[in-house]
Ligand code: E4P
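Listed next as structure tokens is one chain, alone, in the form predicted on its own.
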């Protein structure tokens, strides 16, 4: 399962890349608005940092298919070919996805709340389909269950599209989808930190350090004793 950062704050992205095996970055208009920068200024910073090989997902905001296609061409022109254009999974979006597939532009189908949306997006040529886990839960349905069902639909129908699960509230949701073998998950920085945060682990490490220093001396380690 690929692991992506759902954020546009460049310093935070750099910090997470330093410690965790991250595969790319996803953004959306709300995330970009929080940065207070011109959209392409923030996005170019991210692209320069992740390099040409890193995935970058950027959302189109037009309401009509023609506008989405126009935006997608500009996004790829500015940010490179390994940029996935996020297109909403609505009627106009499906039209845009088909045209972008014809042009060879990578698409991530977004704003997915149902397996049928994901199926249609896959048939339109989307590389990824992004169900909103927590938002589906908040509607009274099962977000994790929906993501699993979408994954199975793709697999059972021979579709190459992969699930890119989004909108998580905790690390256990990420683990559950990792266990199911979905294609990718994009998580906010605090959720990513929670993937490995465990007080029992911290306590165990501190106990080992204290015992070693009792043996070898304060501040000593296996490189200095």
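Numbering follows the first chain given and starts at 1. Computed from a predicted structure; not experimentally measured.
Absent from the display: the form predicted together with the ligand. The rest refers to it.
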Counting only non-hydrogen atoms, which stretch in 94 to 102, 75 to 83, 131 to 139, 144 to 152 is within 4.5 Å of the ligand in the predicted bound form? 131 to 139
Give me the residue from 163, 192, 166, 58 that has a heavy atom within 4.5 Å of the ligand in the predicted bound form. 166
is_contact(residue 28, the ligand) in the predicted bound form, heavy atom dist at most 4.5 Å: yes
Those residues of 88 to 115 with a non-hydrogen atom no more than 4.5 Å from the ligand in the predicted bound form are 110
